[in-house]
Every structure is written in structure tokens, then in C-alpha cells.
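To begin, one chain is listed below as C-alpha cells, in the form predicted on its own.
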Amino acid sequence: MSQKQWNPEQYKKDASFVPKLGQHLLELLQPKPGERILDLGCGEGSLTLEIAKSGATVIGIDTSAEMVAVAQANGVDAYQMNATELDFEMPFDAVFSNAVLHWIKTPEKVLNAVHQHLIKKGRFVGEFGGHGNVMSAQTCLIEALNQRGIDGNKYDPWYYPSQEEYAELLDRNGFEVEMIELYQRPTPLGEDVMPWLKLFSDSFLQALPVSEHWSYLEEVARNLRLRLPKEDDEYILDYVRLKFVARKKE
């Protein structure tokens, strides 16, 4: 499967809630002047710039060349790099990550890379999709492929661990967990679900010829609308987030 591709303009239009809802994480990070901090999966860099206001030196990385270009244009010291293959000479006081880790199905490789790039007692602070995240959409996407004779689970790009599972994984990979919490965060999508599906369903579309993409998305959207509650004419998607603060043991 090819890597998820991001369109910065589409992301800004249909997923601006992602960095906005990640603002509270900065309180957990507590950046300080003079610290070196890595923003793992910086996107267009809005949260990276917020961290930098503390006086810390902040570097951002992202796998998307398009997102990195926008981040650089916004004034971020950003690089195209994979979270599982970090390559920096100097260690960091902290590593920060918002809404990224659920896209990486090799979590131990991420934790190993972060561990290697932190100072002793350095902190790893993040939030990403946890067990049950967007289950309504995930189920509709998988079922629509299954009905076409395709194993939908094979094309599911997401890693959504439980609180207990990820805490154990952190501990096993050299981190002391200071705080970890799985919580419900119902998220308004607007008046239709299609923009969200178009932005986040790339992996599932890879299972089908291009000529079938639209009919597949229409079917998924139709089924998803029946599952989701609405408030003030906006569909509410069942987001579940896992946030944590951990420190390198040694």
C-alpha cells in the first residue's frame, strides 16, 4: 500500500479542527525557553509555531512533502522525514505529536526512534486516535469493500490501541508513563460526511479501480449518514482520543 498523500488546501478546508482541537496538548507539553522540541507529524505547522512561542527551539517533521513545504513557508524549521526513521545528531528535551500516531501501524518502531532521540528523562507528549475512534466510519468503509468481495480490513490504515495496550507498549520500550487517558471527543463534521471521507479514505480506495471510487464513496457516505447523530444540522463523528505523557527511563 502506498503512503497516505495529503493535500494541504483540502486539509485546511476540511480538517482544520485537527490542530485546533490539539491546542490543549500544549498544556501537557509545557515547553520552556531554550528547550529543543521535535514536533512529530507537524503538518502545516500551526501547533509547531505555538510551541515556538514559549522560546523553545522547535523542529517539525512530516512524511508529506506538500505539508512540509507549507510549514516552511509559514516559518517552521521543517523536514520531510518518517517518524520511524528519525535522523538528528542532537537529542531533544521533548517530542510532541498530535493526530499522527494512529497512521503508523508499527508503533514500536516509532517509540524506538523517539527513545533514541530524547535526553535522559526527556518527555514524549502526544494524542492520537484510540480504541473505538471513528468506528462508525471505519465500519462503513470496511463493510462496503467486503460487499464487493474484497477484504476491507486489509486496507484499513489505522492503529487504534486501548489505553492499557499503549501504556504497556510505552513501558516495554523504555518509557515511564506519567499520564495516559482514553476519552470520547464527538466531533462535528458539518452538513455532510463526504468531505471527511474524501480526505481520509485514500487507503480503502486503493482496493478499487478509479472508475469505482465515486460509487464506493457514495455508498459509504449513505450508510454513514444513517449511523451518525446530528446536532444543529451537523453530523457528529465518534472520535475517541488517547493522550499521554511519558518520560524516557534512561
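Numbers for residues come from their place in the sequence shown, where the first is 1. This one's a predicted model, so the numbers in the text were calculated from it and none came from an experiment.
Another form exists, predicted together with a small molecule; not displayed. Remarks below refer to it.
Although the partner is absent here, V134 sits close enough that one of its heavy atoms falls within 4.5 Å of the small molecule in the model of the complex. The small molecule is not drawn, but in the model of the complex it has a heavy atom within 4.5 Å of H102. Although the partner is absent here, Y160 lies within 4.5 Å of the small molecule in the model of the complex, judged by heavy atoms. By the criterion of a heavy atom within 4.5 Å, Y216 is excluded from the residues contacting the small molecule in the model of the complex. Stretch 194 to 202 is the contacting one of 194 to 202, 219 to 227, 57 to 65, 35 to 43, since its residues have non-hydrogen atoms within 4.5 Å of the small molecule in the model of the complex. Comment: the small molecule is not present in this chain, but in the model of the complex one of P107, G129, G152, G174 has a heavy atom within 4.5 Å of it, namely G129.
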